[in-house]
Structures are given as C-alpha cells and as structure tokens.
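Below you'll find only one chain, the form predicted alone, shown as structure tokens.
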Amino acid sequence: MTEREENIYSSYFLYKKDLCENCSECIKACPTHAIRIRRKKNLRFLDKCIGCGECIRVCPTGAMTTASKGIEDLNKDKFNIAIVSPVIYSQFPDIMATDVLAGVEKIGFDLSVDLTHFLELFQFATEEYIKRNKSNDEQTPYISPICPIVIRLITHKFPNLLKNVLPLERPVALFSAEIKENISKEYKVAEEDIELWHITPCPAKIISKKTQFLNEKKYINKSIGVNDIYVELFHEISKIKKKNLDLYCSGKSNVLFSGRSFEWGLSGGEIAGINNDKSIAVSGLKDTIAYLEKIDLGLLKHIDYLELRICPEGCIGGALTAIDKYIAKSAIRRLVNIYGKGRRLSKEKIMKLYDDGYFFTTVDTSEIKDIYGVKQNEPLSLDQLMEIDELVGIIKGRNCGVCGAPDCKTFAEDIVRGKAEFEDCLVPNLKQKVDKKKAENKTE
C-alpha cells in the first residue's frame, strides 16, 4: 500500500507515536479493521474508521487520543453557543442542571443552550412514525438514527439495513437548524458571526470535512469533548455552587427540565420516552453487532424499534466522558427523581409539525454510500475470495497481529487487494509457498 492510500490519522483520532508500544491492541479492537501498523511504530488508518473509540478504550499507554477541539479554540470574535445534552449533566453528581449550564458560559461560551426540549420532540415523532408505518414488514424493526457510530457501522457492514434506519432528523439537527436564526434576532448578532459548538461524549460526533453525519455539518461548526472541558467546567461550577441562590441566577436560559430527558444518556433512555412496548435497547459494540446480524437474518420482525448504542451503558459510557459510567448513571437517577418524568410539550402542536414534514430528513438513508465518512470496499470476485481462503490455509496462523493487520484473514484480504506485502507475515517464504500452491492447482 502506498502512502497515498493510507491516512496517518483518522478524522476522529490522533496517534501519539512516541507513546506507542506496538502492542496491536487497537488493531484487534477495531470493529471495521480500519487500523494497520506499518514498519513497526508507523500506525495508519484506512478510510473505514467509524469513530467508535474502541482503540482509545484498549490503548494501555494513551497513544490513541481524540481529534476534538479544546476550549482554547474558541474564536473570541464569534458568538459561541454551546449545545448541552443530558450526558453533560450526568458528569457532575450532586450539581443542578441549571448550574451546569451557567458553568458552561463561565468557561468562555457566550450562551449555553439545553437540548432536552428537542429530545422530547424526537420521541413524540418516533412514536408517531412507528404507529403509522409499522405494518410495513420490509422495514421492521426500525433502527434508531441517534448513534452515528451505529449508522456508520451499518453503512460499512450491513448496508442492506440502511432502509431500516428511521428517516427522522436527530434532535441536534432539529435544534441546530433553528437556533442561529433565533439567537441572531434575540441577541442582535449576525448569523455568520454565530458558531455552534456541540459538547459531546462521542468521538464520532467530531466535526471535520470528512465526518459529516446526515446534513448536520451545515449547522454545527465545531465539536468539543466533555473530557476536554471537564476540569475548567468543574472549577466554575464549584464556585457557582457556593453562591447564595437569591444572589445568583444560574444560566441565561429559562429551561423547563424533565427527568424523562435526563435518561437520554442511558441505554434505554430513548425508548423510555416512547409509548411502544415492542422496543428494545441494546448497548455495547459486541451486542450491537450481534443484534444487527439478527436483523439482517430477519429474526427480529416482531420488534418495532431498536435503540442501539455502541458505548456500554449508552452515551454515559462514551470515550470522551470524564467520570465512571456507573457513577454517571447514579447521577441521572438522582436528577430524574428531582425533576419527575412528565411530558412537557403539547402533542397537538407536535403532530402538526409532524404532518408538515418538520421531523423528516432530506437524506435518503437507503442510498447512503460514503456520506458518513466511511468508504465501502470494492466487492471481491469469487476468484479473490478463493485466493483469500487458500492464503489463510497456508498461513495457519494465530492472528498474532505482527503483520500489522488484526487477524490472518484480514491480512490475506490486504494481500489480495494489493495493500500489504507477503514479507509482513512471520511465516517464512510465504510468497514461494503461495506460488507453489497456485502451480499445484493449475496441474490438477
């Protein structure tokens, strides 16, 4: 493989070569086999990275890190708006949500805006879509569009299931499409001077030229990891907490919170706000892949809706979070108890928006190829598949990873595709053995 066919970095991650111990844990953990090690410590990414963060989770040295922005990247000449999701609140146990919003503004943002209103909108719309369309057996179960990693995984491994993805805009897209115009009028700021920052627990939501998700990139300008601002935010929130309530007003936004929305960061939190008893929530990479395989085999036709999250326990287990996911889960339960679980929005008004087409994406998910930043491999011919099987049979390896690929079968495919060299494998005289096998096949 030439240098032009490989990327030193993924769009989502950075590689710190000096910290790498060449352990190959990252290449084995990657679900799309997007990572290779060339010439020992020379790590490369193929155009198949879905931003799941598994490489970060397993890296023992910190050589893998995210490509997100930091608070120092705020453009002071712009009006910077932070989009705050319920996951951020879970990172601060014993802190009220309004104080978190106020803290976000104290660390440098001009405005922090809560996303929970749009989460409830999405749940209403999802519930209605299932009611009106679930008789269409060809597309059940419907798959939640919320987790971008799941959609990229489907694009790469299960493209036939793209038709099952719910064709509704994600809450952050609904929110972002409106916020600039509204803020421009309220704060007398030109729309072109407004920058939207998504505070996220997920590497897959990092915004760059190659990481668009549906049509959200045209709205959101930049993303920043929760862990990238955690220390500064914790410091400011601590100061806010000490102030007397009657002397300090937390945040500029008058938010009517609902405990139902706080659950959004948990596995099962999305379907908890949907009135449908044939919905399932699944979290974790292995279980998500297992359920996608079941859908692909037609084994889940009795299920209406599937909430899939790559991260364990849901978004609170994201690679860019700052505290333990189980502590975060406890913090969410506390907020639910404080705010209650009632719905806040008028169903009649939401149904009018639904009938007007407000919630529907303009992207045809069934036609997606590489819009998620993931390139699908060219299909292999029957002869190439047979060549791969023969090569694996000759290697008889143990998936050691020394070749720089995650397993012997992937290495064999790299050879067939012209992206690896025979000499990369520990098996002595591998090319000669392959040539000998080919010669034997011709004489048979």
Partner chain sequence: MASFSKCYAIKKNDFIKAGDASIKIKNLLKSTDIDPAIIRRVAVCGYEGEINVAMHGGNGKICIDIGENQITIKIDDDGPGIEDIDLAMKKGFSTATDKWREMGFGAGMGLPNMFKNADKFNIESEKGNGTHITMEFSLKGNI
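C-alpha atoms forming the largest set that superposes within 1.5 Å between two forms make up the rigid core. Because the structure is predicted, anything quoted here is derived from the model rather than measured. Residue numbers count along the first chain shown, from 1.
Another form, the form predicted together with the partner chain, is not on view; read the next lines as being about it.
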| property | result |
| --- | --- |
| Contact residue in the predicted complex, chosen from I338, I327, L299, M351 - any heavy atom within 4.5 Å of the partner chain | L299 |
| Option touching the partner chain, based on a heavy atom within 4.5 Å in the predicted complex, out of K222, H117, K134, K157 | K157 |
| Contact stretch among 182 to 190, 317 to 325, 167 to 175, 291 to 299 - heavy atom within 4.5 Å of the partner chain in the predicted complex | 291 to 299 |
| 4.5 Å heavy atom contact, C400 to the partner chain in the predicted complex | no |
| CA of A29, rigid core aligned, shift of 2 Å or more between the shown form and the other one | no |
| Rigid-core frame, C-alpha of I56, shift of 2 angstroms or more between the shown form and the other one | no |
